[in-house]
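A single chain, nothing else alongside it, follows as structure tokens in the form predicted on its own.
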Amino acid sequence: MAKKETKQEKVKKMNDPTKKVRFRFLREIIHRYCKNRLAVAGFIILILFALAAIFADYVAPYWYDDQDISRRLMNPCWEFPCGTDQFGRCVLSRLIYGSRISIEVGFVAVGISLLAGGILGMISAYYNKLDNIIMRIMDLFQAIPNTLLAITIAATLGSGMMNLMIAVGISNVPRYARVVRAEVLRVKESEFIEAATSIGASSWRIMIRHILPNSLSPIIVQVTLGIAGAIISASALSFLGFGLSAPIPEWGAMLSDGRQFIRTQWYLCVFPGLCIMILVYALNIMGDGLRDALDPRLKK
């Protein structure tokens, strides 16, 4: 049976100075972030998009593929605030459902990039024998433009949401590998790493328990900015026809469908473009605010 904690042990845990320091540090970060009004506005915009994506079934006035030719290409009005497309579908409803896809693609693609790039970066920085090999491979991938690499992967894998996320994720692996490698090289020379090595801690324990937690600040900022880049890349692939296929309401695909009507039905291109611009801008200013809040040189 598990041993019950005594009252003294509970009090000791509550008064743990390490937890107090961590709580104070987190409170300082939140305070510095809240002082940046632009970053707070970006966070609020991101929350609004996330809520629209989560509750799209309740917020959207119509189903995203609800077609009615009798209301084809209607200009924005009270019933359809963003108009209708060439199939009579509500553009506003498609934009709301499209936020779910764009946010999901952005987060999952960055997760793939961070997982693969983080592992490669940590191994490269910690094991000197593998550093040159891994970095030369990353240089080879970075020599190819991200969009061109993503198009090649997407064309090889075929259309589909998962393939789109894999294509965008793999194309950004070198960026995260270099960021993680730089941070691991910086932290690896610290005294507490030497102390952990001297008492016989394994390499993986040192990397996961000591190096990784002390390298999170720039990685978090890079992830925030990377989500914005992933959303743009996914939209670009869908615009070029390498992403999601109809009738799925992806913002890039909506831009591609609306360009043939840009002279007469301007809203078919303007509203999807605005959604991409606003969400990406919100993520960028949110990332800038996180960078400023996590930078210890800005405490004063």
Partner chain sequence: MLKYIIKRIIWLIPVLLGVTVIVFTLLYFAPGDPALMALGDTATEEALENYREELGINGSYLERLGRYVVGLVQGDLGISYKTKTPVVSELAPRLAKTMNISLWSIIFSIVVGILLGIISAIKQYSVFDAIATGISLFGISMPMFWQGLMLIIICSVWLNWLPPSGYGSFKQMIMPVLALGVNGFATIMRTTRSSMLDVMNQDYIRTAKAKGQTYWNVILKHGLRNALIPIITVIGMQISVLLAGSTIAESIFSIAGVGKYMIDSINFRDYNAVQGAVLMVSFIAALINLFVDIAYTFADPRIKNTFVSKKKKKS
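This one's a predicted model, so the numbers in the text were calculated from it and none came from an experiment. Residue numbers count along the first chain shown, from 1.
The next section is about a form of this same protein that is not shown, the form predicted in complex with the partner chain.
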Worksheet, complete the sentence: With the partner omitted here, the residue among 45, 248, 232, 56 that in the predicted complex has a heavy atom within 4.5 Å of the partner chain is 232
Worksheet item: Which listed residue (155, 133, 208, 182) meets the criterion of a heavy atom within 4.5 Å of the partner chain in the predicted complex?
Response: 155
Discussion item. Each of 49, 80 and 244 within 4.5 Å of the partner chain in the predicted complex, by any heavy atom, yes or no?
Written reply: no
Fill in: Listed range touching the partner chain, judged in the predicted complex by heavy atoms within 4.5 Å, from 72 to 80, 144 to 152, 97 to 105, 111 to 119
144 to 152
Item to complete: Using the partner position in the predicted complex, report whether residue 63 sits within 4.5 Å of the partner chain, counting heavy atoms only.
Response: no
Practice prompt. Evaluate residue 140 for contact with the partner chain in the predicted complex, applying a 4.5 angstroms cut-off between non-hydrogen atoms, and reply yes or no.
Written response: yes
Discussion item. How about residue 239 - does it come within 4.5 Å of the partner chain in the predicted complex, if we only consider non-hydrogen atoms?
Written reply: yes
Discussion item. At 4.5 Å between heavy atoms, is residue 259 in contact with the partner chain in the predicted complex?
Written reply: yes
Worksheet item: If you look in the predicted complex, which residues in 266 to 285 sit within 4.5 Å of the partner chain (heavy atoms)?
Response: 266, 269, 270, 273, 274, 276, 277, 280, 281, 284, 285
